[in-house]
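The chain below stands alone and is given as structure tokens, in the form predicted alone.
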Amino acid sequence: MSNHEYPQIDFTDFQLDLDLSRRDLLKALGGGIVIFFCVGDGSILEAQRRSLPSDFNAFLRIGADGRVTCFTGKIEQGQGNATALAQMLAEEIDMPLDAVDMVMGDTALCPWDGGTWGSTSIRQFGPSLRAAAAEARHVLLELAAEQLNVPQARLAIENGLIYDREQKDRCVTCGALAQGKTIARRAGEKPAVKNPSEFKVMCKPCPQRNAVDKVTGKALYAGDVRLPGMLYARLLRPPAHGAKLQNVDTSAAEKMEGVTVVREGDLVAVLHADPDQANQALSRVRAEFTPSPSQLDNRTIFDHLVKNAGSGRTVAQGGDLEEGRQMAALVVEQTYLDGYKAHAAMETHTALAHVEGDKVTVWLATQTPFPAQDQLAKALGFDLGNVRVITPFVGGGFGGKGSANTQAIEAARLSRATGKPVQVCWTREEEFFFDAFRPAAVVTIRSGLTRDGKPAFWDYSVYAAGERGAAHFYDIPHHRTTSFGGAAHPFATGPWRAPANNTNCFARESQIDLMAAQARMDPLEFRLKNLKDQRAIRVLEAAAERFGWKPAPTPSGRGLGVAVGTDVGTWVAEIAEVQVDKRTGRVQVKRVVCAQDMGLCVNPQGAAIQVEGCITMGLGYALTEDIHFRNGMILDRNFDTYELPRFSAVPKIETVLLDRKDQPAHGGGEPAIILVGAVVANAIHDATGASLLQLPMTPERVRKAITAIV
């Protein structure tokens, strides 16, 4: 069962009272054993009130039918949470995996959660979920011991059956223990979670549990939810960021049969029971806007970011830069540029809101249901307990559906104004216009080598991207890393899968390759020689072994690149092979090997899929994806000009997951993407001798870089 398939609950028919007491919540969940797992003094209702925002309060329901339901504030957006979290629960409670149901991202049913971002679901929520399941197992054993009149030490659980080890015919199922009753009980002591040697479900490959629903169209997204009498809304949008509405004439739209027009300040919308009619109505609205005050474009933005940067923050430093400069026999100095990127998720921002009196229910495509609940309560002036957010499947987020939740507020305001359920589904053009883009950025690096080819100093400055991944990890005695912010972007920017780390890895690993070239060393050997972190060394060696790496100084003409980095606790190394058409500048990535040390890996198949997705998505920011804009206007408004990787661009991808069950689980949804720009740039340099210093590396830029060295 997936995150939108509630046990015996239908979205359109079920309206849970949002003023839930603890007793009411137990009644609402129906017959069964309810086990609450709490951290500190936090009950689930206290968590709902945000009194313990840093703690996890995972809880379960054991139904009379023997099924176990996990409630989590995390959401499923294709990264496999619904599968991996179910594996963790099934493992610790000794239930069959197919007996686990997931209810995700419902603010009326699930414990508070800050959002699904930063690869935190497994590494941060997972340990609390495992501990909760272990406690649930202990409670079940206590209940079974009482019913069977058997010492608890003689009991065992297997596939939901509790039995006496000495007389196996003396047994009871977990479902039979419920007998239609609701029982709340805590274990007196917190039992330990299982050792990896005991795993039967975790660390085993498991297909995505919702894959069939998704490929057959059965899976429900926010745009698929229907309510009686609902209206579809189209909103008047400005032509450019910063443009202000001056005059609007909606008279022609108002004459259309069935059209409702809403005007609340700058919110101007036309609504109809038929979405096509709503589109027609919008085309008849006439409006005048003031021009955008912005005079920036995608060429001048980089100077703007540097000139208007605030004071820098030192991220890392060591030694003495001046001493390092004196040691250097050779200095390598470069500036790296990275343009704006859209999230370009398959599903556009969508919400369906139903306001009833002083209560509202919103079906929302979001990574942050509980923060969205806060935002809606504030926007509508409602009590927090009267706002319910339900998150069905999310069709991709990548950080883009994790902050403003603007579409939810728009839908809720329009529902309140019309008295009917209202759906706001952004068009692709609106998505490109209002998306919070990955920020454009500038990185300047000045580094030096001693006469024997050892790094002497490293002076690194990043502008506008952020500091995630900025600090280097090489053995460089004299170094400083500075992050500069402060420059105003001409439109909204925000997290984009492994925020900042893509830009920082591109600059750092490109610079390391240039240093290896100056030292006339093999780029893999240069890295290994100047690394001390054993996890970094292991992933590089694992990637090289799988690839069949043969040492040669770069550029070798082979078209091979290497890069290493770390994100959310995971170390990753990649080796790529490219083919470059020097006449056209076209780059074809032929093969990528990725080695990843993510600690304990709950679902190796899911992790491998995430690596493949990261590399495929990374090819977009590396080679094709670039937002063009001028004077506040976004010039790329659809996929005719904003080019994502096509099937023909996807290389052979090989994944090596290091077996580290002895380590805590780290993030798996983002790390593999951070190196794609760098490893492709280094492979192009190895093939041609040309240094690509700006992302994306379009054919035009590749051709110019090659021409510049001839």
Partner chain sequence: MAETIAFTLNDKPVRVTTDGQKPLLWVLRTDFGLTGTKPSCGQAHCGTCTVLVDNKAVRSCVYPVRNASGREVRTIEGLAQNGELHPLQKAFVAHDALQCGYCTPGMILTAYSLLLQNPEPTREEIVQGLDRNLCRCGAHTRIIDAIQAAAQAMKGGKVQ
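Numbering follows the first chain given and starts at 1. In this text the structure is predicted, and so the values were computed from the model without any measurement.
The discussion below concerns the form predicted together with the partner chain, not included here.
When you look in the model of the complex, the only residue of Pro291, Gly494, Gly223, Pro96 with a non-hydrogen atom within 4.5 Å of the partner chain is Gly223. Only one of the listed residues (Ala436, Ala608, Met327, Ile634) places a non-hydrogen atom within 4.5 angstroms of the partner chain in the model of the complex, and that residue is Ala608. For the marked spot (Gly310, Pro477 and Ser483), a heavy atom within 4.5 Å of the partner chain in the model of the complex is absent from each of the three residues.
The partner chain is not drawn, but in the model of the complex it has no heavy atom within 4.5 Å of Leu376. Under a 4.5 angstroms non-hydrogen atom cutoff, the partner chain in the model of the complex has Val394 among its neighbouring residues. In the model of the complex, at least one heavy atom of Val215 sits within 4.5 Å of a heavy atom of the partner chain. The shortest heavy atom separation between Glu625 and the partner chain in the model of the complex is within 4.5 Å. Only one of 513-521, 564-572, 152-160, 74-82 places residue heavy atoms within 4.5 angstroms of the partner chain in the model of the complex, namely 74-82. If you take 343-375 and check each residue for a heavy atom within 4.5 Å of the partner chain in the model of the complex, you get His343, Ala344, Ala345, Met346, Glu347, Thr348, in sequence order.
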